Every structure is written in C-alpha cells, then in structure tokens.
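In what follows, one protein chain appears twice in different forms, each by itself as structure tokens: structure 1 and structure 2.
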Structure 1
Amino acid sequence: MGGVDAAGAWHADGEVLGAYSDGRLDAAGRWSVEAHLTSCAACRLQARALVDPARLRRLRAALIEAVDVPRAGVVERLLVRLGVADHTVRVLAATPALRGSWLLAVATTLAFAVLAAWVSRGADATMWLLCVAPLLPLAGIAVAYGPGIDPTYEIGLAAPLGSFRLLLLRAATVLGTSTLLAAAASLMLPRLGWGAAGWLLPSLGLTACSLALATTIEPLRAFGITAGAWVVAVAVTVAPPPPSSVLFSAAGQVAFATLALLAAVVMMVRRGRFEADRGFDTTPRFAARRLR
C-alpha cells in the first residue's frame, strides 16, 4: 500500500496511486490518498504521471466553463423561451431594474396604492393607482442605464451594440414588466372598470417622452424631469371631491397617445446624436468634437 522513505515520511506506492487514478479505490481509500496528496509533493508528482493529459485538459476546460459562465436566471430563461436572442438576453439580464429587489419594491408600491384605494373606496378608489403607476417605469428605466448607475455601463459601451438600442431594449423590458405588475394591481382594485386602466397611456407617453428627452440631456436627468413634471401635473389637476383629473379623461388619453407618437419620431430623428455623444459616431465632425 505504501512505504516509508529515509526521512521517515510515508508515501503511497505506484499500485495505490494507479488504483486511485483508475477509480478502483473505495471511498475511504480515495479520501486517504487525497488527504496525503495535499501535503506530499513527491506523491503528487508520481500521481500526475499516471493521469492522461488529454483527460486533464478536458476536466480543466469543463471546470473553467462551469465557473466562468454565469447560470441563467429565471428572467433569462423566460426571455429565451419567448424567442429573444441569447446575446440580447445577456444584455437585458444585467438590467438593475429587473433584479428581485427592484421588482419587490415595485410590487410593494403598487400594493400600498391598492391598499389606499380600498381604504378610500368611498371616493374614486382608482386615483391612487392612476397617479403612481406611470412613475414606476420611469424610475425603473432611470436606474437601467447610465454611468454610476448601471454596473455594466462601460461593458455596454464596448459591446457591438448601439447605446441607444441598448437603452430602448432595457426601457421596453422595464416598461413591459412594470405594466404587467400594474395590470395585476388594477385587477385588485375595489372598483373594476375601464377607468382602472387609465394609467396605461400616460405611462407609455411619459416613458416615450423621457427617452426622447434623453437624446438631448443625460438619461437620468431626462427621467427625473419627466417624473417631476408628472408629479406637478397630478398635483395641479387632481381636484376633490371626488378625486378626478383631466389627465385620465378621454382628452387626456388622446393627448398622451399623441405625445408617445411625437416622442417616437423625435427618438428616431435624434438617435444619431445620442450615439455620437457616447462615442459611437465616427464621422470626422463628431470625432473632432470629442477631441476638443
């Protein structure tokens, strides 16, 4: 099984190491040999000669792949099943607003709005949700892109993916997630009706407006300005009793739909400027601008 050298140290013999390499030892024998190999360089050298180099390379490659390749989360697997490309899923998976902590915060905010609606069910109970829901996508997109906010911002700049496209992808994902959560909250209101969906077009219009504004100023400031304008508009137009606002009337819905369409046009027209400000435009005019 083994022998003792001139210094009195025990060593495993070739037969034991060969059985260990071939997997012929029982569990107790493997543990004993492994414990000895951790402290005996001579036996490790002897055992190394018994192992097939090709097998070692395969094991090493499998280990590196298992360690380096991150495990796909629930959101990633869902997006892949919906037909989204793998590379796009990887970019979207890094969106801070898709993490569990953020989704929990959104769900909690909507839960409080629904609770407030039940408490004030004598008035227009949907007003709480109508005022809060359009702000959620703005907050989510605000933390989804930009230096100092997005932990993968620099990686995104180096990736073969336009920064504006990345912003749109993440904005669409955050908007879709927030819309699903808000829709679920709408179903829990004490009074169901078309009025409970009055937040949908304002949410779409505000999101599109903030993205259009982001082609002119920093995205975080754009979302902050849009959210502030919404809060002011709500404060000015909501008048009791019962609580109501022109923002959620038929005219208001048409206005927000029009705002979304106009903002989409602005985004497409100014997309090149957004890319240029982040180093994606390589024309001499913009290159000279960045060097100054």
Structure 2
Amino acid sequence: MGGVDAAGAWHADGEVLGAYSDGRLDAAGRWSVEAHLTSCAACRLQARALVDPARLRRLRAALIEAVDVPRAGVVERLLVRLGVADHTVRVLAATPALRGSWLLAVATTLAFAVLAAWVSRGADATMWLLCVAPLLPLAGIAVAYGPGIDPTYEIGLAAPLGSFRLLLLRAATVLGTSTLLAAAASLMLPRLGWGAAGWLLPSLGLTACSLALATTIEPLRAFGITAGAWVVAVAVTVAPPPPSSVLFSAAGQVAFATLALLAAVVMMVRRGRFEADRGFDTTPRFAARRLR
C-alpha cells in the first residue's frame, strides 16, 4: 500500500486514502494512514478529493462568520435571549457609559450611601441613598451620548439611524444598569422596607424629564438642569428631625410617576424636533477623542 517518494519516505496515495475513508483498511493500515496524515502536508492535500467541496465551503463560511462576530458578553447574550434585536444589542453594547469607569463610579457612590446609612443608623438611614440614586442615571446618560463622548458621534450624525433613537437606547441601557445597582444597594441597607425603594420612581421621572427637555435644549444642559432641580427640591423639602421629605411620601411618588408619563408623551411628540436639530446640528467642530 502507498508508495515511496524520491527521498525514500512513505506516502499514502489516493487509492489508500480512499480505502481508508470508506473503512476498507485493516487496523494496521488505518493507523498508519492516521499517524501519517497528522505530519505529512502532501498527503493531507490529497484528502481534499475525498470531501464534498460544498461541505468544505459551507463549513468555512460558517466558521468565518463565527470568528468574525465578536463573542457576545453575558448581558448581550441575555438581551438577545430576551428577544431584543441583535443590532439593537450591538448598539447598546457600544454605549460609552458602560465602560468600567462609569460602573465603578456608580458602585462607589452607592457604597458610600449605604455606608452612611450604617454609620448613622438613625431614622435618616435611607435618606442618602434616596437622594443620590436618582442622580446616577442622569450622570450616566450625560456621558453616554454626544460630541467628545461618543467616539463615533460624527460618523453617527451622517448615518440614517435616528439620533433620538440612539439616545433613547443608550438612556435605557444606563437607566437599567443603574437601577439594578441601586436595587442591590437598597438590599444592603440596615433596615429593609418599601421606603428603601423610594428612589425608583423619582429616578424614572427625572430621567424621562431630562430626555424630554433634551428635545428642546442641548442634552448635556438638560441633564444638568434636571439634576440641579432635584438637588434643590431635596434641599428644600427635607425636614429634620427626623429627616424626611415629601418627595418620598405616597403623594410624592404618585407625582413622580405622573411626571414620568407626561415626559414620555412630550418625548414622543417632540422627537422629530430632536432629530432635526441633532442630525443637522450647528454645533462647532467636533473634537474627536483620540485613541490612547
């Protein structure tokens, strides 16, 4: 079986390989072919004739696709599992605010709020968290979209995907992430209770409000104004002792839920305006963020 080349080395010929492939060789023949194939490039190429070219092409294409497409992170896979479109997930994953630095800042802030609660241990234990948590998504969204923040902002402006849709997608990602983190922080408070979740509706209301405002003024300014308004509202309404605020009362919560709904309506009505401004904006030259 096989043949010997000019240098005296044994090679499997097409006939032997065919017999091997069809299972017509005995054990010794099989083994020598297998051992030989792993080390002999010339004989490996002969094996090509034994495989359906269409099958090789199909496998190759599937393989190239699998290798090109980035391995999705856990969150990305989960979102796809939940039925979110693959392209939407990719856009979400590119949210600049989702980088480690922002997550770290949010986690640190929340950790301090929880720490403060444990130190004071009094009736005001939850106040820090309640006041700080609604600000986090605002800060996050502010660093999620815009010139100088999003590296592809300039290219994005010249692309047909609506900028408001992009902003909303990013806002949803940031809001989702910070809400999860704040919820985790709430569970670590010394005294659990529904009061510890008092930040949720204000957080939603403020985010919606700032997005609605962003249809009229610069997004960054919109987030700043909303955050400022919240700080003032907290400062004015907190009444010691023991510290409490009408903002976290039942009436306050209803008010924030209403605010969120109203802002959502405004957003939907005015989104076209945002597209018109942003997409075709008149801001001065974009300062590209350079690569480190």
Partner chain sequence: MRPDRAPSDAELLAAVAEGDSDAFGALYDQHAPWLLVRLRRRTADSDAADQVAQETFLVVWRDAGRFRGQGAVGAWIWGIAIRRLVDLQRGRVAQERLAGLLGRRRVSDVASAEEQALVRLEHREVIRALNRLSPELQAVLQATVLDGLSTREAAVLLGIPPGTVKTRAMRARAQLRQDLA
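The first residue in the sequence of structure 1 is number 1, and each one after it adds one. Each form is matched to the other, and the largest set of C-alpha atoms that superpose within 1.5 Å is called the rigid core. Not measured: the values here are computed from a predicted model.
Have a look at both and say which one is the form predicted together with the partner chain. Between the two, the form predicted together with the partner chain is shown as structure 2, not structure 1.
Core-aligned, what's the Cα displacement of residue 46 between the two structures in Å? Here residue 46 registers a C-alpha shift of 24.8 Å.
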